[in-house]
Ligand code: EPZ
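So this first bit is one chain, no partners, the form predicted alone, shown in structure tokens.
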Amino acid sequence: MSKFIIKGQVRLSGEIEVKGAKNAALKIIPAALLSDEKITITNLPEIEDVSRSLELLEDLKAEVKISKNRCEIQVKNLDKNSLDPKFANKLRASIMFVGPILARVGEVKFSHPGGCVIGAGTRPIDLFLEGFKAMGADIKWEDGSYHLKAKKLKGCEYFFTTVSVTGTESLMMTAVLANGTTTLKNCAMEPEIKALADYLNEQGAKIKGAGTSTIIIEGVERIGAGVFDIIPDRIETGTFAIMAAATGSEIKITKCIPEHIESLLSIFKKIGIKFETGEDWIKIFKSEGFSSYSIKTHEYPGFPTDLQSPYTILATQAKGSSIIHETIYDRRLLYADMLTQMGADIIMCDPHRIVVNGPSKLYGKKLTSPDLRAGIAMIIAGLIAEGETEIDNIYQIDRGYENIDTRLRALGADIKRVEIQ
């Protein structure tokens, strides 16, 4: 067990490089199950969720070779069709393994996926099960596990009643090896979905419309494998941009795709945070005060739910009142109470809305990271705060941010990782 200790009010400066997208890595790893050929994944982030995904893959008898930000995977013979709860219960993204296994061998067993407080047992998998059923799978609940069977999946037309990124990606991958044509409607449109589809098409899949609300997949007998270069993490990009603005720092963010966070940058323009962008970089300039602005989370290209908690820290430093409206996940505003303990002026309206009044002076406190995105928000709050901030349960932060303490120290942050005895 480890914790972070942060001494705040240190001005940051320099450059920070964006790592590969967590949400792309966690989809391409299970996609390796679709082929018996070797896939090479580059720009792979060294984060805990990736490690757990690879452990799950190895338990399925995959050959996995890992080096620095690179991985080779081959699943010649997929003899095991059950996901060991020992691994799957630690990872919400374990649900992404179900479709490829079902498509390739016709049967899969798994327990309800785990994850953090946001994911473990609270986010239903109905959309996945309904989609698999529409493709011809027989679904049973036996001895605390789901058991899915299908001699051969068949194409179908499926409408997502709720826009779902993982649901879109899961059914898209599954339909690649199904008989006939599958039409998915009301799909999520995140950049990671298009990146996955482009790779699968390069390997012989026939997918049209990825990145739009309607995706059409013509099933094929088999697909190959090749090289998948993970796109930059847009959530990390946005997080660093918010961190720079909130701490009044001048930071250049490199190896990113600015257009992927246009919803955030458009707000920066409105509230008076100065920045410049290039093809693969963003530079945030020190701002002498900025205005408040209310947000409402929305699926891409709207304001990302994964940037909601970092943005709330920014709102504590803005002039005026901001309404933070979380529309996608329940329980994602639980961290607000910790910010209040630090001195933030926050009013909880209901489980989905808070009002943040700023600017507020924050003070260091002992905190516990409740989930991945709130955890990184706690770090930003600690960087702003007067005095010392301790953050426990930093495993949640390590799930999605590679060596975050080392990278922040390179910018001048006073942050250290301490082992808890």
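Everything quoted here is computed from the prediction, not taken from an experiment. Heads up: residue numbers just count along the shown sequence, starting at 1.
Below: the form predicted in complex with this ligand, not depicted.
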Answer key, this ligand contact in the predicted complex at 4.5 Å (heavy atoms) among T162, T212, S266, N77: the residue is T162
Which one, H260, K109, R104, R92, lies within 4.5 Å of this ligand in the predicted complex by heavy atoms?
-> R92
Within 4.5 Å of this ligand in the predicted complex: all of L26, P124 and Y329, by heavy atom?
-> yes
So which of 385-393, 39-47, 58-66, 26-34 is the stretch with heavy atoms within 4.5 Å of this ligand in the predicted complex?
-> 26-34
Are any of the heavy atoms in Q308 no more than 4.5 Å from a heavy atom of this ligand in the predicted complex?
-> no
With heavy atoms only and a cut-off of 4.5 Å, decide whether F128 touches this ligand in the predicted complex.
-> yes
Interface membership of T166, this ligand in the predicted complex, 4.5 Å heavy atom rule = yes
Partner contact for L372 in the predicted complex: this ligand, 4.5 angstroms, heavy atom | yes
Neighbours of this ligand in the predicted complex among 183-197 [non-hydrogen atom within 4.5 angstroms] = E190
